[in-house]
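Just the one chain here, the form predicted alone, laid out as structure tokens.
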């Protein structure tokens, strides 16, 4: 019988296995819960490029000393509306989650708060932290720099990260509006997914070591890992004519807020020393709506805005217009209790668990 490519697993069972993997690596249970939740939320929302398929990345990161278990970050500078935090080289999910909790608490007291975080690690989907503010009826902001993977406009070698941006807005009716996007055409994880599935990538996604369009995800990933040249393209592509300079500009700004403003590492200096924390930085924010306008008015007007956009005349052969975050919320609603994973991801998770002596196995339904 042929192997099914996509396997359905229970979310609670998946979380149990992933948590136990982290705990076996001396990650405290609370931290393991946070990290597992961020990874699984990505899969539930259909963002498999940032889900449990990346578990090995974190396992290897802890083993090599890049990610330090058990730390949460410390405040090094603070005002009524700002925080500067040193992540102590910890798991990015834990550092960002704890920081965003502090940001929200300060915003509740002082209307707005922003945090610049240095010396952290990869934190998963940016939207997770922006959406935390929705629980308090606030607007949430989440940015992060990342390993150099993107070629600047007119450049040939990687210099900037995919540097995502997420902003979340509460709403009166329907799903909250959540922008969660890389500033490159696609994130690195998308290439990893295509390589795992043996598929070619569109030529507008990345370049080879000579700066030419490349449809081989493995070649691009290997070149980036070895820094032989080439890499992901900015949002908009390689040229100014298609707006590539705009994606490059957005990535640059994210690096300034996450790396330069935090007093941390930026650009090509991220992930520079093997066996040491990556130096990834984040920038998080929360804003009380009632500091600007009555929350009910804002949420009602946002609902109206969404309804009007969705009711707009459609392009030929198109039946629906989506707003940011809508597809992901619908996917998460479908996958509340069960999530589909590529079969190689299930195999890899079970292999990791077995290697670490974890007494749990992921069993597809």
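Remember, it's a predicted structure, so these values are computed and weren't measured experimentally. Numbering follows the first chain given and starts at 1.
Quick note: we don't show the form predicted together with another copy of the chain, though the next part is all about it.
- Residue-level contacts in the predicted complex: of 287, 134, 193, 221, one residue has a heavy atom within 4.5 Å of another copy of the chain, and it is 287.
- For the candidate set 304, 63, 57, 336, a heavy atom within 4.5 Å of another copy of the chain in the predicted complex is found for exactly one residue, namely 304.
- Mapping the unseen interface onto this chain, residue 102 falls outside it, with no heavy atom inside 4.5 Å of another copy of the chain in the predicted complex.
- Using a 4.5 Å cutoff between non-hydrogen atoms, residue 211 counts as a contact of another copy of the chain in the predicted complex.
- In the predicted complex, none of the heavy atoms of residue 276 sits within 4.5 Å of a heavy atom of another copy of the chain.
- Under a 4.5 angstroms non-hydrogen atom cutoff, another copy of the chain in the predicted complex lacks residue 271 among its neighbouring residues.
- Proximity to another copy of the chain in the predicted complex, taken as heavy atoms within 4.5 Å, picks out 229 to 237 from the listed stretches 88 to 96, 67 to 75, 125 to 133, 229 to 237.
- Residues 305, 306, 308, 309, 312, 313, 314, 315, 316, 318, 320, 321, 322, 323, 324, 327 of 305 to 340 are found to place at least one heavy atom within 4.5 Å of another copy of the chain in the predicted complex.
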